[in-house]
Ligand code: FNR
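Let's start with one chain on its own, the form predicted alone, as structure tokens.
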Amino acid sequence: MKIVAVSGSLRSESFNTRLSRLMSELAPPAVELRPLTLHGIPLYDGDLEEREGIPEAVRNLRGEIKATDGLILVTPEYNAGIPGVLKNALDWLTRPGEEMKPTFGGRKTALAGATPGAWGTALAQSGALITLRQLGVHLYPGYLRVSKAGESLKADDADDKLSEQVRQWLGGFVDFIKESE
């Protein structure tokens, strides 16, 4: 089984990029989980699309998503919402319009996120539901929300409690993918 975890942050050591790497390390046996980033994706510009077509970084990310059994969006929370770079990437991935359904339609998708605050990206994940509903994903009902990430998700290590939380959540997402086939 193949899963990609896309970090919605561009910072190399963001909590969410760390969380996506931790998921890769803790994936269940027989699951290949690749952490991905949004680097190289320009701001959406219809003129750019018309002039140059779909950017290579978008085509590559789309290919990675299409080749998987599951997609995890690992989102920070900026001002109670998902970051612009993540929304921008989702918008590019639906271009041209006929790519939306093959990329997202029915795709088993989960939301996760980490924040130094107390709410664990709950507002960003709630806000993302509108976009994900429009994209037509098959959304996993369990959310991974890591609060106080500075304490539990260090640059070189995660505490045991968080590691167990991630293992259980990933196991649930893998079961969801299998049950939905």
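Counting begins at 1, following the sequence as shown. Note that the coordinates shown come from a computational prediction; the quantities given were computed from them, not determined experimentally.
Just so you know, the form predicted together with this ligand exists too; it's not on screen, but the next bit is about it.
Wondering, does Q125 line up within 4.5 Å of this ligand in the predicted bound form on heavy atoms?
No, Q125 sits far enough from this ligand in the predicted bound form that none of its heavy atoms falls within 4.5 Å.
Quick one: does P42 come within 4.5 Å of this ligand in the predicted bound form, counting heavy atoms only?
Contact check for P42: no, nothing within 4.5 Å of this ligand in the predicted bound form.
S9: touches this ligand in the predicted bound form, heavy atom cutoff 4.5 angstroms:
Within the cut-off, so yes.
Taking heavy atoms and a 4.5 Å cut-off, does F15 contact this ligand in the predicted bound form?
Yes - in the predicted bound form, heavy atoms of F15 and this ligand come within 4.5 Å of each other.
Segment assignment from 109-117, 60-68, 45-53, 129-137: heavy atom within 4.5 Å of this ligand in the predicted bound form
Result for this chain: 109-117.
Which of the residues spanning 50-83 lie within 4.5 Å of this ligand in the predicted bound form, based on heavy atoms?
Heavy-atom contacts within 4.5 Å come from P76, E77, Y78, N79, A80.
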